[in-house]
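What follows is a single chain, given as structure tokens, in the form predicted on its own.
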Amino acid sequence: MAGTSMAAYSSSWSTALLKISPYTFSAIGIAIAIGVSVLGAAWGIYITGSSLIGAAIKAPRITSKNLISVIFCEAVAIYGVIVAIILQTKLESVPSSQIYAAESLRAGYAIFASGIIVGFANLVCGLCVGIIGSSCALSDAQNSSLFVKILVIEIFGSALGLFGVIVGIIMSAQATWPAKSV
């Protein structure tokens, strides 16, 4: 082996990440935005729904008016769907010679980061709204005058998801793909 030379390959994380297509990062970001948002909504509905059913045994009157908490949780999933649609419209076809250009990589990473932020903000928002909705159902079963007061707190918790959507939209504005050469 004295006369042969072997090519040196870098095995760093940065080299590996640069070899992944920006379209893959974009697709993963879009999937995270919708998937994790739906997970947050489902978790919130689970928390709220179980408390609502349990508290309705003592006070059946709370069942219909506390469904607003379930609707707030479902809105979290809708936030994820809306952002996924927005991110999907940011995708553009790029000539194969420019797929790994700096502008393409930046666009792919911007969509990926936007999806992660929206997904995890909505996961936390779904949990927040679910826990507050659970508290709302339990306290409403004890004292009906507390319903509106806790509902206001639940609206503030739901705003966390909107903040994530806004940050995600602002970050996705960085997703500009290279212009096609004519």
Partner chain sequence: MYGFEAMTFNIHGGYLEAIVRGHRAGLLTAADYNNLCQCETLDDIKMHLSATEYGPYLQNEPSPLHTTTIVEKCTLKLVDEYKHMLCQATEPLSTFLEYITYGHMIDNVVLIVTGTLHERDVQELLEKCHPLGMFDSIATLAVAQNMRELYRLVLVDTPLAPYFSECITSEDLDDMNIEIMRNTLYKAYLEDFYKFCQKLGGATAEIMSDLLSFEADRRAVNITINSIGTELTRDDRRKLYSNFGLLYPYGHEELAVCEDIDQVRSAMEKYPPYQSIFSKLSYGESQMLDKAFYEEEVKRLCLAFEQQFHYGVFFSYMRLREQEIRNLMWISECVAQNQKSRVHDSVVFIF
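Predicted model only: the values in this text are computed from it and were never measured. Residue numbers count along the first chain shown, from 1.
Although not depicted, the form predicted together with its partner chain is the subject of the following passage.
- In the predicted bound form, no heavy atom of F147 sits within 4.5 Å of its partner chain.
- At a distance threshold of 4.5 angstroms between non-hydrogen atoms, I53 is in contact with its partner chain in the predicted bound form.
- In the predicted bound form, its partner chain sits within 4.5 Å of a heavy atom of W43.
- Although the partner is absent here, S134 sits close enough that one of its heavy atoms falls within 4.5 Å of its partner chain in the predicted bound form.
- Considering its partner chain in the predicted bound form, the lone stretch of 22 to 30, 124 to 132, 66 to 74, 152 to 160 in range is 124 to 132 [heavy atom distance within 4.5 Å].
- Against its partner chain in the predicted bound form, the set I85, V165 and T176 makes no contact: no member has a heavy atom within 4.5 Å.
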